[in-house]
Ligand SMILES: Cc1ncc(COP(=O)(O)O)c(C=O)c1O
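Coming up is one lone chain in structure tokens, specifically the form predicted on its own.
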């Protein structure tokens, strides 16, 4: 047999999907599984969005659409960015794709040449590093800041890890897996540094609606002069509980955006028309469609912090946003993969090991579940953590 692609062999499966599959297998065996693994709101897609999709289906909006999104949807996104984010991007500077994950993948392919380095601060979302590798680049992972998880982002680490091969930096705020949100001071310090560089700036802001303690800002709000190399990435999955609808988008400079659109024309082609119809309703409704759900998530965030704080020896940085706790088990073990496997097998609680996020000795748990599951699941974590030396 001919050799397979070395680049693709270096890409690992998503650990969140792997853990969820293992949990599903245990559940089929009748085990009382509680899953904190998948980053997915547990409430339903708002009814007006669903109803508009049904109307689109009945109207026959089931044919091929435009690669990169139709003009009505891109126009609605352009208006959203102007009104909500104070960012000016014309519809032709926007590409809509099959989820923010596809958008990010195509963006990496558009920007990275063989051997180029991309700076990624740890902890990072599981797919960033593998997408860089798949595009032929080299992920340069910034180590955890000193004092983490109590401390936040350390701008000085960027300069220490930059080289002549650095072409981009990937930012994520509010952050997955920590829930950490950049402060205005951090964004301004970061902007001062990036002004001196010629790097692409990729900003994943998909959790912007889940900013509970700090207001969400884009670095572009403070440094508009970075616009010619800045990419704003977002999607509908988290904000509107539309994970299965697969709608994501990017706004940025015209030439690389054109490449992303071209790549989509050769891969997924387009969004279904009836989903574009629904997405327009979502983007135009904005936060007003999910006010109650966001309030409930914030209540659960406080409950999760309260309950996890009862576990002696386990640390967690207070999440400002998103819907995760990132828990430090280094007082017990550096091998969080082994810890999470033991927790799953003995207590039937599903979490995601920190190795997946570039942070061994931690695990991520989502609090986007019912209060009952939160309390029960964290109690099981407490029992396992306090009785084991892994």
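Numbering follows the first chain given and starts at 1. On a predicted model such as this, the values are computed, not experimentally measured, just so you know.
What comes next is about the form predicted in complex with the named molecule, which is not displayed.
Asker: Just to be sure I understand the contacts: of 89, 125, 182, 148, which is the one whose heavy atoms reach within 4.5 angstroms of the named molecule in the predicted bound form?
Answerer: Flagged contact: 125.
Asker: So which of 218, 78, 172, 239 gets a non-hydrogen atom within 4.5 Å of the named molecule in the predicted bound form?
Answerer: Going through each option in turn, the one that passes is 172.
Asker: Evaluate residue 190 for contact with the named molecule in the predicted bound form, applying a 4.5 angstroms cut-off between non-hydrogen atoms, and reply yes or no.
Answerer: No, residue 190 stays farther than 4.5 Å from the named molecule in the predicted bound form.
Asker: Check residue 319 for me: does it contact the named molecule in the predicted bound form (non-hydrogen atoms, 4.5 angstroms)?
Answerer: No, no contact at 4.5 Å.
Asker: Would residue 99 sit within 4.5 Å of the named molecule in the predicted bound form, counting heavy atoms only?
Answerer: Result yes; residue 99 sits at the interface with the named molecule in the predicted bound form.
Asker: Any chance residue 206 has a heavy atom within 4.5 Å of the named molecule in the predicted bound form?
Answerer: The answer is yes: residue 206 has a heavy atom within 4.5 Å of the named molecule.
Asker: Any idea which of 240-248, 112-120, 296-304, 260-268 reaches within 4.5 Å of the named molecule in the predicted bound form, heavy atoms considered?
Answerer: In short, 240-248.
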